[in-house]
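Listed next as structure tokens is one chain, alone, in the form predicted alone.
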């Protein structure tokens, strides 16, 4: 059994990393959000990502997609997380599936071609109706006033028009690269929807969120370890001290755990395994815990430098918090995970 990436998967990793470094670098992201320009990913870069097929990567070929597996999308999203690329990549990729499997192929083609779709984070368990409509107070992540947002529950995923919501109010987000709005839904029907038994959109979302968090863990591991090697105090690298080298080693272990579980979750969902829900939720939980530890450890290893606005580490901490709350409060899906039967 060969567990190493195939040549095609290596190409996904290398090409996406190169594109992100050239088109959506952290330096460029800082320029945009610090000047008050949001979304912090330019239209040209977003369109270029669409032309590369990012938003149709996991769609079947008979649905005008590229036909790759969820594990291939994990590799892409890991690079997006590592580079801290802003924008609704996660919700847009999932939205293309909702439109396609919901019987709206033309809309799916639009989304795959670069139409942005925001994400709904419900304020309570009953804020999303059985048909995917919004029936309470929610938060909208990277939503456009005249666009669509994605609602996701364990049983259904749907696309809702922002124009059908009321009291849409912009509010500050913990992640300064992300737009956040509060809104209230009145139960207007969704534009398109798909049940989880037709396509498990929510499980795919948990796996891809785990991949984004895995990228954050790996960036933290590399950044903290590099500083531990290069920072010299009393004529020795600070990494010789146990209080530094042990967290670095722990970050390496946490990164491998998050990456492995993300891939296993992806394969479980793609293969329709009986324990797919368990593995997908475990991937999100594992990666979220690893990212919380790794960003905190790197912040400490960097010392005074790590606490400054000028260093990027605080942006990764804030993105970690946002991704850990994707698809609702972590406690809700952790409770759900614990209630699932143990995989055989």
Partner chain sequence: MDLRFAAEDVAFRDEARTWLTANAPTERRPKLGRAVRDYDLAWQRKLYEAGWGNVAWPVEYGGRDLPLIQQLIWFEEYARTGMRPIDTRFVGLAHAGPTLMARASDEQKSFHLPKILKGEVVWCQGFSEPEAGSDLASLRTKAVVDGDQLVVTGQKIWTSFADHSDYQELLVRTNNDVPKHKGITWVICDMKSPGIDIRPIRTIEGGADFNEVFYDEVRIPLANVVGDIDNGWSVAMSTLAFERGTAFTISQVQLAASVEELIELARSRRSINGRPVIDDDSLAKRLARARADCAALRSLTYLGISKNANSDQPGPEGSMMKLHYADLAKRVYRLGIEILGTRSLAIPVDEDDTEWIDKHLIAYSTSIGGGTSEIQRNIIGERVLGLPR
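Not measured: the values here are computed from a predicted model. Residue numbers count along the first chain shown, from 1.
The discussion below concerns the form predicted together with the partner chain, not included here.
Using a 4.5 Å cutoff between non-hydrogen atoms, residue 188 does not count as a contact of the partner chain in the model of the complex. In the model of the complex, residue 240 approaches the partner chain with a heavy atom inside 4.5 Å. Residue contact with the partner chain in the model of the complex: residue 38 places no heavy atom within 4.5 Å of it.
The partner chain is not shown here, and in the model of the complex it never comes within 4.5 Å of any heavy atom of residue 28. 257 is the sole member of 184, 161, 257, 198 with a non-hydrogen atom within 4.5 Å of the partner chain in the model of the complex. With the partner omitted from this view, the residue of 52, 305, 32, 66 that lies near the partner chain in the model of the complex is 305 [heavy atom within 4.5 Å]. Between 92-100, 223-231, 188-196, 151-159, the stretch whose residues reach within 4.5 angstroms of the partner chain in the model of the complex through a non-hydrogen atom is 223-231. Scanning 264-290 for heavy atoms within 4.5 Å of the partner chain in the model of the complex gives 264, 267, 268, 271, 273, 278, 279, 282, 285, 286, 289 in sequence order.
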